[in-house]
Ligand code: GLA
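To begin, one chain is listed below as structure tokens, in the form predicted alone.
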Amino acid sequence: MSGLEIALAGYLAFGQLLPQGQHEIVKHAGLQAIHADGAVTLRLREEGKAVRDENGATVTTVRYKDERYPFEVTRHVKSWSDCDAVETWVEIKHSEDGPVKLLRADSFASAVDVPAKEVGVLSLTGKWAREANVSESKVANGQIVELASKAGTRNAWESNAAMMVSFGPSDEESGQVLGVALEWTGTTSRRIRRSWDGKRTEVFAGVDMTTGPYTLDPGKVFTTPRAVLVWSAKGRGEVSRQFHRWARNHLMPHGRELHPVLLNSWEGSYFSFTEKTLTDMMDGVKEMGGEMFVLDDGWFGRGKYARDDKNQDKTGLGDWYVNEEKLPRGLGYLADEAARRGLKFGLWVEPEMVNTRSWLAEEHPEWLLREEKRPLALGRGGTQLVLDYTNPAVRDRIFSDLDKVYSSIPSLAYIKWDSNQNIVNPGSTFLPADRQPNLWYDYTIGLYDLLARFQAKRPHVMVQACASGGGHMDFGFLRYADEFWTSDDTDPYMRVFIQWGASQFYPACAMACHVTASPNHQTKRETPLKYRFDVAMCGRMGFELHPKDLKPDEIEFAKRAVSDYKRIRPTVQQGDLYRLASPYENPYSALMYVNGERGTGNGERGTGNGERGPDAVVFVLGLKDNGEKPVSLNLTGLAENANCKISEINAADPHGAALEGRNLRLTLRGPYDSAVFVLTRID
């Protein structure tokens, strides 16, 4: 069994005749349509198959046509030689006498013929500041389990667009597991169905269409989002590693580059800042060894709708020009000040949203998503709404306004793209009355159109996908971005769990993990500075504070910690992850990142920067339980014959760990104790 074989299995369409004879049809389907004449079944026959090479990947195309109707389906399956991930997607078109209504149009809809007495599903659930909780359950015989997210924008919250389906018992390093993830930022549905006798398991993944059918006109093509499949006979950990490798190598724009250590201004100043506040932050992050400064919310708007301490998040969204009262010398001045300090410069934007209290909303009220006969349901701050991205004129205006802002910053290197409102007014003045259900799909297509235009004009600019924290934690946005803001909850204790969950599917280089103040701004929890650093080092490390709030000895510690992180960064951001101990099952969490053939024998994988980190890095992160905790870890990612020496970094008082073969032993000294070890292979 392979991911490619699973992807090429038969596609389940409503009305297909089942093999056992004319008396039974497929009822649980991934494709379901109402023809122009009102008929509801599909009888698809294979018309042809082709295989082609596409930039080093192999793409298999299978064409189907209904035996009675001019209705065509084309399936695409794309595979690579350097990873076991497979992409699959479907194109649907017709030439019937009128529109066809699509009730379902899944990217993947097939039976997975793997004998198993039990089938389980792992998924990520959560909401604001509690993202990426790992949820596991069994699928009983005769059941259909659906995982759905219907927010329209921040869809990673309710149920992340990825899951693992296990066939029989499984854990990190054993068991048969199928990983399925959608490249989609809009509404999603993933379903697992077991037959009454448990002999058949069907898996579906695609756009959620329960808000109404999608109306498809003759001659038009409906393209489903891509689904990414990974099959493993070696447990969930191998599924994760293949997803990570595929995302770095074939999805993210700068996935093979090292991501910078940056300071984001939000928790250090919120809306209250001047030019000097920001240049002081630049001085602080430069002193600690940082490489980039990012200006967050509060820099834009003018007049009565200016974004400032008084109005905060209630005004200005949609008005993309600099607040000159706050920043009289503009963004270019700030970028030059960053460059003078040897820092790159980044900027926060929120292009999908608008405040009712803005010049844009006054000028174009018809550009807001709204149902014309209902009062507006208002979001964040009592004024925030979503723009109608189904309308090309809206996208053109946002592109033009932001392009002027970006052009004023020739050295712009990074964009933080935020999204702080769900679709709560599901109506479009642009779409015809009979096409209102098309909004949910067309909105996301419009979003991707805008992202692609920005990417084409400034391909060197890195993008962070932020959505009130981790609401854009999905592979759809990561086609245009290099990382996501993992959560607005920056408490390191909570981040141990959040980052553990995110790592099930998403690579470490995509997880923005910041060192913040103590007490933490969200939970008020107090934690040691070392613990905050060690947790943040597990992904793309940065800062979310004002350096002036750190004491001199803390600044000195931060300098050493940043230096240590830069040393291990290639291995953390580009290596293979082995989850050694779960925080859900232990009073600590343990992770190991392995760098290429010196650790595992799987082949060396350096970075696009030409840098190579240590052979392996191990993180042990204690939780809040009191008392000393002996820890014994089997370093499963090391080769059987690996002979390594071990050293502890980022520690004034080392733990005295012992390494015997592949077994690492140490003792955690109490709550929020942590340790980071570098392993070097001795040949």
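Just so it is clear, the structure is predicted and the values come from calculations on it, not from any experiment. Counting begins at 1, following the sequence as shown.
Form predicted together with alpha-D-galactopyranose: not shown, discussed below.
J.: Based on heavy atom distances of at most 4.5 Å to alpha-D-galactopyranose in the model of the complex, which listed stretch, 162 to 170, 571 to 579, 293 to 301, 556 to 564, is the contact stretch?
T.: Heavy-atom contact with the partner occurs in 293 to 301.
J.: Can you tell me if Asp280 lies within 4.5 angstroms of alpha-D-galactopyranose in the model of the complex, counting non-hydrogen atoms only?
T.: Asp280: no contact with alpha-D-galactopyranose in the model of the complex.
J.: Mark Asp482 yes when one of its heavy atoms lies within 4.5 Å of a heavy atom of alpha-D-galactopyranose in the model of the complex, and no otherwise.
T.: Although alpha-D-galactopyranose is absent here, Asp482 would stay clear of it in the model of the complex, with no heavy atoms inside 4.5 Å.
J.: Going by a heavy atom distance of 4.5 Å, is Arg241 a contact of alpha-D-galactopyranose in the model of the complex?
T.: Output for Arg241 is no: heavy atoms all beyond 4.5 Å of alpha-D-galactopyranose.
J.: Taking alpha-D-galactopyranose as it sits in the model of the complex, is Asn420 near enough to touch it, meaning that at least one heavy atom pair lies within 4.5 angstroms?
T.: Contact check for Asn420: yes, within 4.5 Å of alpha-D-galactopyranose in the model of the complex.
J.: Counting only non-hydrogen atoms and a 4.5 Å threshold, tell me whether Trp184, Thr223 and Tyr448 all contact alpha-D-galactopyranose in the model of the complex.
T.: No residue of the spot touches alpha-D-galactopyranose in the model of the complex.
J.: Could you tell me which one of Phe399, Trp80, Trp348, Phe273 places a heavy atom within 4.5 Å of alpha-D-galactopyranose in the model of the complex?
T.: Flagged contact: Trp348.
J.: Can you pick the one in Ala109, Met541, Cys466, Leu229 that has a heavy atom within 4.5 Å of alpha-D-galactopyranose in the model of the complex?
T.: Of the candidates Ala109, Met541, Cys466, Leu229, Cys466 is the one lying within 4.5 Å of alpha-D-galactopyranose in the model of the complex.
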